[in-house]
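The chain below stands alone and is given as structure tokens, in the form predicted on its own.
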């Protein structure tokens, strides 16, 4: 019999983890939905956010919140540089795009390994303290992470749906050639999109490392998990990625809590495979 305390832990921890997954997966699907770029360096942006922030805190003694903001901006700038130098020259070749972005991810992984080693690093807490509900002690940082995730997702929706740049992004995603004909700078739109995508990845990496250790091997692990969620939700569907993130996140935490961590990833991925067998286009995907 599952206790009420266990259910509370699954709900809270599941929502927190799902929020982080929603940020990284929505960023991944956003850039694909607009430019059809499968950016396999997305997991590297995820961990760069954490490691750059940790560097500023440890080496320069900056406040964790300020370090996080600087880190997010730097990762966004880095993503634009990567787009201009290695992605744009091969953007019309989907296979080459995958190869160069995956190579970039592996290169960043090696840089982190050479600099920090293979052991995990914890990001200094953005907020301290706990909240006790019944017999359940809830770290305030988890509530903060959940709030940041929800607000960021809402901000992304407002940005895409209500702002001029967001409408241009929508136009470019639906018909790139038509967008060019009406005078939109599609390359500029792609650069803005990859910046937003990288910012979401960096933020999710910082939030992740508030609960778990930042680890260079999470570059590929997070990419695989995010890619699986994006496929489940339907390639190019931000809404699908967010909903799928909560499905996978709650399954992941429920299995970890009730059975054990060693089974969580296996069962989550197995369920994704079963759903895709039933609906190959994903939950919100469409036939192309």
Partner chain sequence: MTESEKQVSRRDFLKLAAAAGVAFVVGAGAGYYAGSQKKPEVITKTVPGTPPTSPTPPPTSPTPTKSEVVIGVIAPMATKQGMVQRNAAELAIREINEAGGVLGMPVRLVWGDTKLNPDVAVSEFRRLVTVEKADFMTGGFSSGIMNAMMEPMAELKIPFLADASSPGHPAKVHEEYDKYKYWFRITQNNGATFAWDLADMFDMLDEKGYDVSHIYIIRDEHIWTDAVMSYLQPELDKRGITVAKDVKVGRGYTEYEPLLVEANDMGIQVVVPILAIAGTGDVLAKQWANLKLRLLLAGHDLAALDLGFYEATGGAAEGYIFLADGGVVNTAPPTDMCKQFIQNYTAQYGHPPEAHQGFGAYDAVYLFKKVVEMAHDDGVENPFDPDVVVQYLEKFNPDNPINLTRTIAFYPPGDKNKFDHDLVWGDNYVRNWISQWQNGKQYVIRGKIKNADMIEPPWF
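Here the structure is a predicted model, which is why all the values come from computation and not from measurement. Numbering follows the first chain given and starts at 1. Rigid core: the largest C-alpha set superposing within 1.5 Å between the two forms.
Separately, the form predicted in complex with the partner chain exists; it is not shown, and the next lines address it.
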property: Contact segment among 67-75, 149-157, 194-202, 136-144, judged by heavy atoms lying within 4.5 Å of the partner chain in the predicted bound form; result: 136-144
property: Close approach of residue 178 to the partner chain in the predicted bound form, 4.5 Å, heavy atom; result: no
property: Touches the partner chain in the predicted bound form: residue 81 (any heavy atom, 4.5 Å); result: no
property: The partner chain contact at residue 31 in the predicted bound form, heavy atom, 4.5 Å; result: no
property: Non-hydrogen atom contact residue 130 with the partner chain in the predicted bound form at 4.5 angstroms; result: yes
property: 186, 126, 171, 121 - the one with a heavy atom within 4.5 Å of the partner chain in the predicted bound form; result: 121
property: Residues of 190-224 having any heavy atom within 4.5 Å of the partner chain in the predicted bound form, listed in sequence order; result: 208, 209, 210, 211, 212, 213, 215, 218
property: CA of residue 258, rigid core aligned, shift of 2 Å or more between this form and the one not shown; result: yes
